[in-house]
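Starting off, we have a lone chain in the form predicted on its own, written out as structure tokens.
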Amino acid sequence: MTENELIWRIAGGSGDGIDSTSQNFAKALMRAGLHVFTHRHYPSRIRGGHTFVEVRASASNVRSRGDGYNFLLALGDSFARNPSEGSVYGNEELKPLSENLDDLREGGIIVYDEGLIDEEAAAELNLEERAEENGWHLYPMNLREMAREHGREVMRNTAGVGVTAALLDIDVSYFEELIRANMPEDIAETNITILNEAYDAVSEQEFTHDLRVPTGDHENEQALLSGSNAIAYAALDEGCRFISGYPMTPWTDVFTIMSQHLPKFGGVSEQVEDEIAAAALALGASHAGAKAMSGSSGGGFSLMSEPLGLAEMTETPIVLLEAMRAGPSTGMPTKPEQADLEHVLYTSQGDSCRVVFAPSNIRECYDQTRKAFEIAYEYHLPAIVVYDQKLQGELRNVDADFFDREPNPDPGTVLTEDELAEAAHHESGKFERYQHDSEKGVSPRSIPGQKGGRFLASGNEHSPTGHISEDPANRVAQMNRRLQKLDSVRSELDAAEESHQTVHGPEDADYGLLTWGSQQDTVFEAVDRLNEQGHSVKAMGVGDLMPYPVAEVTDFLESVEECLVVEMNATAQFRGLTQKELGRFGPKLSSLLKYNGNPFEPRDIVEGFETSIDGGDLPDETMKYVPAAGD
């Protein structure tokens, strides 16, 4: 990509403070006036195992992970199980250096901790030879010893930040401010001492590199947030006052954030014994009149299939989250994938009657989660927000005033007791909750305890009052009415001022890229590069998965000669959904797939597009190109 950006990668073992250090580093650069984007890679272990975080920073807007990186701070893994190449998992102590060299750009910087990665280990990697071949600049530092001198080895990450600041000419006051804000006074002062000692130890040296941190300025106050933050804040603003769940990576972040904040709003958070109970409990809370939410990741969401079907049959509004990760089964719990799409659309019994949104970035996480609550409580059905491990954890800066919105405590389409007195009732006195004929397919709703609102809520097919009914005419009438809601939702979304589908690139472009969810902004960056290289390309990111935005996608596909569908799974699930809804465009659609546990980089998509146009093989064997039918 460009030379006017810093992509700083800090690598170590789980438990070495990689995540918290990178967050502070990103926040410091943001406060210095830069736009930032983080990418986190970590193993499915509590302690030890190679983990890294990238912080991409630029004076201009940053919306994606970059291509490789240009600064490596390799701490080594202080929790390594076995520092031997002959062990099952290899030399884990060395992996924060050895497994990160292939992605380092030419002319990049390597700072590594000599306290864990000694000369012998560096020699095993032929580090000096590789550095000479690639123009890398090596700065071995005994960060471990610096930290030990002050009593706490974990503070070597602070020493590494001090070295980084000196090498890139970053004002350490930003880091000092964050350390004081986030640590107890005695620990904070020790960290600040180490920070400055490491900075001074390097700043007097003569540097051989020319990489410096960019300079920039923000017009507005900035906030550094993840997709999980945005989803949780949207739920709170939309009046959600109940959440139930069971921990499972990567959904746990939203559950934790909601649990921390709900008590301030008079809300309730419940951790229960499993995901069946979680979804059922949230369903009960919604039935009783609260705005409620639950969620999980793939395996846990599978257990929610039965309560999900119950919500559809009883027409009880609820919002569910599905945070995708690589499967099947436990799969790779900490790696991103987009392979739960068909599961989310069709799991449970019978025909689906739900709404599914797939936000692509922090702003969309907020907007589409709020819309999920609006739709669920207006149309009395489950609304699902599907996202993935990438979007869950990546941090981006956003204008803080983006979240200056009015809260919405409205319970949705619920009748008052005065309205119930005038509503249709059976001769037995029961309220006809499930009337055959209703506007937009939405029968009027009462809340338990309201005078005149008594009805039965059954998982069986039922009559207007909720009594079990297997009458064919009643079955057809009830099913048709429930499905009518999806047509009504689609009409509402189509008429809205703001679409959940985003198009990027020249309007009259010859070629198209189609994607969904967390890959959207990476695809958009690739589109910019392709047009700079002389191609004629535009892209659409789709946020509405059910009901599908037929009209908008039709307009997009009709306007291009060919279209490459980009997604993170092995079976082209979104392409399959698009062909199911818009079969006549099948011959225009090819696929670029990636499912190795890492998200796309912009260059991956550039290479995939060029392969789709020119033929040949993809340079990266971990991706797969699937041509259009008939090619």
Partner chain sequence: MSAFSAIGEEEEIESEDFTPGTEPQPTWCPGCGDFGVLKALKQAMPEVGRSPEETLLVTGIGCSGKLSSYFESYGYHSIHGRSLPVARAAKLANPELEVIAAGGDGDGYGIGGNHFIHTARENHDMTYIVFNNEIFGLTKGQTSPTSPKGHKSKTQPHGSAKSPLRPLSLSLAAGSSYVARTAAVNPNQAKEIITEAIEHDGFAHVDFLTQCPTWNKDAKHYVPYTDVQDSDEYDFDVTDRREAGQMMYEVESKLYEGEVLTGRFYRDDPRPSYSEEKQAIGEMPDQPVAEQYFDEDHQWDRSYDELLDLHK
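These numbers come from a predicted model, not from an experiment. Residue numbers count along the first chain shown, from 1.
Keep in mind that the form predicted together with the partner chain is not shown, yet the notes after this line are about it.
- Message: Is the partner chain in the predicted bound form close enough to R105, G135 and T502 that every residue in that trio has a heavy atom within 4.5 angstroms of it?
- Response: No, none of the three is in contact.
- Query: Only one of R405, R130, R148, R490 has a non-hydrogen atom within 4.5 angstroms of the partner chain in the predicted bound form; which is it?
  - Reply: Partner contact (heavy atom, 4.5 Å) among the options: R405.
- Message: Only one of V527, V553, V356, L224 gets a heavy atom within 4.5 Å of the partner chain in the predicted bound form. Which one?
- Response: Filtering the options by heavy-atom distance leaves L224.
- Touches the partner chain in the predicted bound form: K291 (any heavy atom, 4.5 Å): Residue-level check for K291: yes, a contact with the partner chain.
- Does any heavy atom of E427 come within 4.5 Å of a heavy atom of the partner chain in the predicted bound form? Looking in the predicted bound form, residue contacts with the partner chain include E427, since a heavy atom lies within 4.5 Å.
- Item | Non-hydrogen atom contact K451 with the partner chain in the predicted bound form at 4.5 angstroms | Heavy-atom contact with the partner chain at 4.5 Å: present for K451.
- Query: in the predicted bound form, does A400 have a heavy atom within 4.5 Å of the partner chain?
  - Reply: Answer yes; at least one heavy atom of A400 falls within 4.5 Å of the partner chain in the predicted bound form.
- Message: The chain here is shown without the partner chain. Which stretch in 378 to 386, 555 to 563, 212 to 220, 427 to 435 comes within 4.5 angstroms of it in the predicted bound form, by heavy atom distance?
- Response: Only one stretch passes the 4.5 Å heavy-atom test: 427 to 435.
- In sequence order, which positions of 256 to 290 have a non-hydrogen atom within 4.5 Å of the partner chain in the predicted bound form? H261, P263, K264, F265, G266, G267, V268, S269, E270, V272, E273, D274, I276, A277, A280, L281, L283, G284, A285, H287, A288, G289, A290, in sequence order.
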